[in-house]
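In structure tokens, the next block holds one chain alone, the form predicted on its own.
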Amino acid sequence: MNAAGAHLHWQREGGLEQVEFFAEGMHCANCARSIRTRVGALPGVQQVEVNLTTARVSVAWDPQRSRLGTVLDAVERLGFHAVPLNGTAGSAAQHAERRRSLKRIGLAGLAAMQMSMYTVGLYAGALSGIDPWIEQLLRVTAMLIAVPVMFYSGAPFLRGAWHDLRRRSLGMDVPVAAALLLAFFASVLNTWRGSGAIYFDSVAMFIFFLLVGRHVEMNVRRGSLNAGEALVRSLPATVTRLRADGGSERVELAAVAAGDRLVVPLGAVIPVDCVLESGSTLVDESLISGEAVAVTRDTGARLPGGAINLGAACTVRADADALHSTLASMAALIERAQSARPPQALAADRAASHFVFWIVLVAAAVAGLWLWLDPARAFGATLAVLVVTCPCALSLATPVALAAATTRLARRGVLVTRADALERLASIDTVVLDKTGTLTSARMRLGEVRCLGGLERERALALAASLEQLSAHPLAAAFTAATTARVAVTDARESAGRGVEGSAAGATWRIGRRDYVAELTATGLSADAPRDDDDEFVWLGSARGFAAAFALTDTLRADAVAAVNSLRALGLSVRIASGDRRSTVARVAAELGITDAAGRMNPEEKLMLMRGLQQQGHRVLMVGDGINDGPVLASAHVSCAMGGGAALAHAASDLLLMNESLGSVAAAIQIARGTRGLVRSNLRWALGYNLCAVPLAAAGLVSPWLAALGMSASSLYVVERARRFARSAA
């Protein structure tokens, strides 16, 4: 396979190159850790992200110091096969892996059933007598059947153990392979000797149960626990693009660029972020926002990639290519969260690694003790200990729970963008809310307009709209919607939380907070300036003085009261920290029943408030949406940004509310607490199972095949609990 051509491969910012692929054969935390360590040590490699849940690997490197072939060769030398991420080749590779898994399971299952007949004959013969040549025939026949089971069906465990030992690490395949090899070759030796116990049936059943467990686990983790992959797969492979001559053509989605005109048929997925060119259509945006009710979009409306066109076929104009669409960004954020290793998962990985070491020691101790007490029982007891103590469930306990939680939250329109966010979210005791665009609707309306210094109303509106159209603040939309008149503005720059400055008609203008505009005006805050009780306005002015004042009105979100009540019901303290007018903040706080509310706060003051709460021992969740919220979001214990907010707020946040519903904040906290409980319960189960099973196996009360069944069942139990948690109603 031409690796460079078959894999998704593109240029990144800063001169780095990146490749993403599936690592076929990766099934445990030790596999993921080996890829991170070995590939991360290559010259020029800057970043390695490995997602155990999806077996996806992302590597970024300096092309001046390394190349794609070096990265892929390193993965292959570790014993993993790099397969394409997208397209038919990627799907074929995953289907081939499943087919191989089923073939191995089928062979092991048939062999186990066949050998059970021979072993029953041997057991019966031991009780009532059997001719030596018949006994030897049954032994040899069982051995011949066991050979393909051992070296074909059991190949993944043998190969995994070999690569673990080459990497000088003790993974979960090491004790499994040791048990298989000991049982198989001891049985071969006893077969040729014509005496002693044989374990060919136990080997076949052990491999069968392990393979079934691994196959089910693979399907569950790659299916129901992978929200990011579901997002990516929802996009069409090809789209219909309109040519300049009026004709159309089918092109790959990757070939779509900003400005292309596309046809979206009825029932089709909208492939990229775009603008509806004409008419209206009904759009289902549930995959993006979590909102189950379809909405009507008219000409000029923005449509997010990943939404479904439920109306008539329509023509759209692409705003971005597929790689930079809303859907791709969401998938990348989810992938980033699932690829990173939170402290809980890292601790579980380390515990599992140390656990394997202790397994070997315990097995050696059991072997020595039984060789002293009753040599005939030593081998079976040692095998059972090696099998029953495989720490699969311990390593899976945390990652499957976190993957389940991120999937469940994604279905509610909440994206987890950092892996350890859920762990931190479960422990918060205080919620700080921004007001504008968070508690209230971001769609502000322009109310009273006061013109000062002889400036005409239409001129004032044109200046204000021209300055505000350069701002990402939610207040800006009220001005741009109030008038279509514009003036040319140059040298524009925004002061976070204060306002916008720019040059127009030969003068420098500012619009924003009263004190911000006063810094520019000749009057400053002198007696000629507007009075303090006029502070409820947004001000416009130049060096000649204040020119206009605008009153803006906003309303609470429909679910704001219920959301705040839900937060209180969880035992949380709720506060408001806003850059808006104090009187407006006080009114909103009164409507919500919040006593701790502060207005006219700039980014530095919000940051000081956050640090003050943290110094008092509070663990704080900050919810905001604007540029001015970026610093405080970054410093909070956990941060959450509204999906329609500024890109800076998104980058600083641990969670994104794509559905713009405040009620999802309380739901996210409940899910985080449930996840914490699930992780702890899974860990208790995994540890408790081993503590109970090891004494029984060491005492010779558990046969090797029964130990295999118990080990597989414990792993499946952990994964199944996570699957149910992912699908449960939030």
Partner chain sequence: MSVSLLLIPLGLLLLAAAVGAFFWAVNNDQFEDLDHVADGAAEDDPAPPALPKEPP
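Numbering follows the first chain given and starts at 1. Remember, predicted model here, so these are calculated numbers, not experimental data.
Below, we refer to the form predicted in complex with its partner chain, which is not included among the displayed structures.
Pick from 615 to 623, 132 to 140, 370 to 378, 593 to 601: which stretch has a heavy atom within 4.5 Å of its partner chain in the model of the complex?
-> Contact-bearing stretch, as computed: 132 to 140.
Spell out, yes or no, whether the shortest heavy atom distance between G196 and its partner chain in the model of the complex is within 4.5 Å.
-> The answer is no: G196 has no heavy atom within 4.5 Å of its partner chain.
Evaluate T119 for contact with its partner chain in the model of the complex, applying a 4.5 angstroms cut-off between non-hydrogen atoms, and reply yes or no.
-> It does not: once its partner chain is placed as it appears in the model of the complex, T119 has no heavy atom within 4.5 Å of it.
Partner contact for Y152 in the model of the complex: its partner chain, 4.5 angstroms, heavy atom = So Y152 counts as contacting its partner chain.
Do K103 and its partner chain come within 4.5 Å of each other in the model of the complex, heavy atoms counted?
-> Contact check for K103: yes, within 4.5 Å of its partner chain in the model of the complex.
Partner-contacting position among R493, R302, R250, H95 - heavy atom within 4.5 Å of its partner chain in the model of the complex | So the residue touching its partner chain in the model of the complex, by this definition, is H95.
Pick from A476, V500, I145, V174: which has a non-hydrogen atom within 4.5 Å of its partner chain in the model of the complex?
-> By the 4.5 Å criterion, the partner-contacting residue is I145.
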